[in-house]
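Taking the form predicted on its own, here's one chain by itself in structure tokens.
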């Protein structure tokens, strides 16, 4: 094992923090849907990549600033989330069946992406792509910094809304005991539709951040499932801040493992942390 220089190790840690922000951004909506709606929504990953491709299309073909797509894509995806929740509740889809149904939706989305954009690699060229600044001898790419900033801002905003607003308290009460919450006048159906829409809108924001940073290919959809599941499970189902913390922990751990050993060690890290959590704190999962 070759010991990396201090500067390389610090740069790896910084890169891990940035990729952790992407993990957190991707897992935020998934964790909320899983914890509060009791739905294992695998379509979340499909929505992330569909949003990324739409952002790429609007920026490359339409000439729209990719950051301005946040005013178009998340509201549109919110409506998609509401419609999906209406269908799932209409047919009384259980938590396990939601896993199967949304997996099918993900496969359909992947097929649609390949039909429209083919399986070729796509990289969005924007004014932000090559922008970076130096802090203390460390390079800070602007797209990764923006992703981390958005992840932190949204995580704390949702945490505050869930904790201090009547709507957030009603959602937590609905997740804890829906029949009792309904008896106190909480509109379970309306809140479920709104929450599903918010979760899919968060997936759309994650897709925009993904398009700013990464090269796109449809097969990547399933490669992100494992690590984001680990982030959500470690952070706690239904938690707003948990995915942010666990995402950064996993991202930094992977980056340090790659710097010290080899890139092939990165996937081992997240699942090792998940297994340890399940062994020593099984009630958290």
Partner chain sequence: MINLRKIAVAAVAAIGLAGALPVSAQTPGPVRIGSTLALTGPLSATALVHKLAGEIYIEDLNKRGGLLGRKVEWIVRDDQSRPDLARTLYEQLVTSEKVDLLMGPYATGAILSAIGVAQRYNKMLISHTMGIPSLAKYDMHFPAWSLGPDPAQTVPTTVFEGLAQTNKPPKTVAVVTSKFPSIHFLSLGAREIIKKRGLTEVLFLEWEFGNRDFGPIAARVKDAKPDLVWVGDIGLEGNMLLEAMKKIDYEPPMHIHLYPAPGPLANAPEGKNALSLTIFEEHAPYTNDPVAAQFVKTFGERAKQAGLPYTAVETQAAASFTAWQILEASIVATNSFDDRKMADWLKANRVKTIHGTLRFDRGNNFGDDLMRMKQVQDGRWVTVWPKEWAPPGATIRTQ
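Just so we're clear, the structure is a prediction, and the values are computed from it rather than from any experiment. Residue numbers count along the first chain shown, from 1.
Note that the form predicted in complex with the partner chain isn't included here; everything after this is about it.
Just one of 165, 94, 187, 114 comes within 4.5 Å of the partner chain in the model of the complex, counting any heavy atom, and that one is 114. Using a 4.5 Å cutoff between non-hydrogen atoms, residue 224 counts as a contact of the partner chain in the model of the complex. Put simply, residue 258 is close to the partner chain in the model of the complex: some heavy atom of it is within 4.5 Å. Within 4.5 Å of any heavy atom of the partner chain in the model of the complex lies no heavy atom of residue 126.
When the partner chain is considered in the model of the complex, residue 21 lies well away from it, no heavy atom lying within 4.5 Å. Here the chain stands by itself, but in the model of the complex one stretch of 64-72, 27-35, 249-257, 231-239, 249-257, has heavy atoms within 4.5 Å of the partner chain.
Contacts between 9-31 and the partner chain, taken as any heavy atom within 4.5 Å in the model of the complex, involve 11, 12, 15, 16, 19, 23.
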